[in-house]
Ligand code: AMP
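Consider the single chain below, provided in structure tokens and representing the form predicted on its own.
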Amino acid sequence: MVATTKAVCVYCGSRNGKLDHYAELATETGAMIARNHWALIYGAGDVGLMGLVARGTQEAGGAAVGVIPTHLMKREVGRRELDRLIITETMHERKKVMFMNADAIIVLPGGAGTLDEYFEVLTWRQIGLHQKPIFLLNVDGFWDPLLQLLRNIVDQGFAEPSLLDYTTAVSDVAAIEAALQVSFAP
């Protein structure tokens, strides 16, 4: 394992989803994180896209740090073969620890939990609590309805147009990698 200088938090599903290439993208995301000598911060699950991101990171020689609340250890099959496993008492604590240990956020396809994590960091960005880059991996337009919802929120006067600038939607891992390399450059 190579020493890391930055850490990337990945929010994603604890299931694989219906399309086979979601799994491929999760593995590719993990490998991309390792290739750049960044650490992975994620939900510590060994199932679904979560498990694949961690495996992709570790198989490429990268460091994986998992954060999981005690009540999800069985449900998400807490991955034990991590460089570091942090067990929290609550979901809120989990999200805070993940966020505080990351320099950027990537959101892969996922469900309600993924949306919860995304909206929390988006809200924190909106109210000025951080400037960390947030990326949506919008493969096959998965996040298009979410992006439309955000535009509607702005159009209806419930947020400033700047809300739309806090998230970068991209269709592939290479675009995230290039953007993070620029963002993390000294």
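Numbers for residues come from their place in the sequence shown, where the first is 1. These numbers were taken from a predicted model, which means no experiment stands behind them.
One more form of this protein should be noted, the form predicted together with this ligand, which is absent from this view; the next part is about it.
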item: Heavy atom contact within 4.5 Å of this ligand in the model of the complex, the stretch among 21-29, 173-181, 8-16, 159-167; value: 8-16
item: Partner contact for residue 46 in the model of the complex: this ligand, 4.5 angstroms, heavy atom; value: no
item: Distance check, residue 85 to this ligand in the model of the complex, heavy atom within 4.5 Å; value: no
item: Contact label in the model of the complex: residue 73 to this ligand, heavy atom within 4.5 Å; value: no
item: Heavy atom of residue 50 within 4.5 Å of this ligand in the model of the complex; value: yes
item: Site check 91, 111 and 117: each within 4.5 Å of this ligand in the model of the complex by heavy atom; value: yes
